[in-house]
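Below, in structure tokens: the form predicted alone, a single chain.
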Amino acid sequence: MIAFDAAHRAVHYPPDRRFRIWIRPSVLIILILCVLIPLILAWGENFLYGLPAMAQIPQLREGSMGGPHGFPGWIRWFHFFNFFFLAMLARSGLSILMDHPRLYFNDDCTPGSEWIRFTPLCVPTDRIWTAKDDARYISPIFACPGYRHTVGVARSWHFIDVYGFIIVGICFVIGLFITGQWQRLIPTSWNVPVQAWYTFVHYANFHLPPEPDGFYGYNALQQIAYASTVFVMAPISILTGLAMSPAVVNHAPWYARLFGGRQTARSIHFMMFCGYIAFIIVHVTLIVMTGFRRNMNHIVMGTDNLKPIGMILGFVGIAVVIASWFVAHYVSWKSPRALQHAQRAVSLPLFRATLNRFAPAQRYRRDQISPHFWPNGKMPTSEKWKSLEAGDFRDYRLKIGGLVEEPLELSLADLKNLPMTSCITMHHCIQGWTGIAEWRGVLMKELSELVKPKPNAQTVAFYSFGEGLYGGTYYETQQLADVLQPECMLAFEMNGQPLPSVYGAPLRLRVENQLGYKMIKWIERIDFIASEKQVGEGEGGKNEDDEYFDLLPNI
């Protein structure tokens, strides 16, 4: 475990560390029925007709089952690395989930509309309750890096490991079809589902059916389970992850609708995690019950015998995976900046070449505006901002300077006299919630044309009246090319009304292909600069400096 100073302990290790899972009763009933109905049918078949007859399968004679035999080295290594990456994805995913511990089937994320939550708290209605307040603690025993408010580090691990998971998966599938090993996994007969049901009836009635030797082939239920994991669950996990990208959803809203919406995609993503856990539990249980030593030799050594070497090396492999969790924990807290930079080195060029090129094109109707829009961030405490708020920001002046030919100082009235734009868009928070709102303001492109950036101005720095999580002036940066994109605006109205203080008055930034923390609120001034490395700790923003967030969060 990590020894925190007082400031970090208050954030990461709060007094209230209770954990509770609440599921909406209607959803819980459906889940119970999904489990009980197959079991009742299997019990009923056994009660009425007895266990279905299944032919005895020769156990050891090579050639008695069709398809390739044995496990070549590449399958055995991919099996290990798949487990390695999947375990890290699950652990980092739990840390990400705890930053907004609620799952929905609607994109409004209205408190009380979630179908499951991992917190004992209902959102209070007698005070401002931000999404940051709602985040929960999770033990680092189960999550990476664990604790509370560690979504930045968790995302670094999640992205690093998802690349490994995808590469291993693609190579594995290619290997299956090149070598003919696909015949082990993909059913080639309509009799397979029938035989799979017969096998399930035996299992459901606590009776082991005749088991084939896995070295030569799988039973029908195993075949369907393995094929579903490789060819259904894994692709769905990847595709629903992509459906949580603001760049994708705001450019092609139809893509998220394929899964029922952005939040439904997030829920399905979580369901796939549960599916992997269930698969591993059943998989390991059956490995133990049907001959642990022989089965371990199959997948570790590629041999079919009862020698102990496969079991021993298998435990060594599991120990290596568990040891990697301790290493990841150490790196998360001792070298988070190096981890952030490693993830950025891979993701930033990829995002700039792909997702960041997607121009926002979404359009929502007024009747789709969310009834609840989660507030977030620490309200400004500066006396200057409080004085401006008390005067309805009539005395507010936005200063735009830095590497520009024509520095400006504009009041809200001046801004409203410029050409304005409005759009109804979906906001994506790094914590996981979304909300639809109408924004009205001035395009950054218009302001850029007024101030005339110098040739060496490649970055725009926005400074807030607010503070970061650990104190200090909150700021964010954007590449000049990004602020010139369509719908990038300084908003001073929200849903047809002056921008409320809790949502960033007098001005907030809107960049619709990025996550919400880049859309800085309570803007005090703007500077055109040469590089993000010139401000703060050089990482591109207060969250990037203190919480190790991404520089370019297109997903």
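Only a predicted model underlies this, so the values are computations on that prediction, with no experimental measurement involved. Each residue number is its position in the shown sequence, starting from 1.
The following text describes the form predicted in complex with a small molecule, which does not appear among the structures shown.
Within this chain, F492 is remote from the site of the small molecule in the predicted bound form, having no heavy atom within 4.5 Å. Using a 4.5 Å cutoff between non-hydrogen atoms, R357 does not count as a contact of the small molecule in the predicted bound form. Proximity of V502 to the small molecule in the predicted bound form: non-hydrogen atoms within 4.5 Å are present. Though the partner is left out of this view, I520 does reach within 4.5 Å of the small molecule in the predicted bound form, counting heavy atoms only.
Taking C429, I299, L443, V162 one by one, only a single residue has any non-hydrogen atom within 4.5 Å of the small molecule in the predicted bound form, and it is C429.
For the options P145, G93, G377, G152, the residue carrying a heavy atom within 4.5 angstroms of the small molecule in the predicted bound form is G377. In the predicted bound form, no residue of the candidate spot (R102, F118 and S267) has a heavy atom lying within 4.5 Å of the small molecule. Contact with the small molecule in the predicted bound form, defined as any heavy atom within 4.5 Å, is confined among 521 to 529, 29 to 37, 484 to 492, 42 to 50 to 521 to 529.
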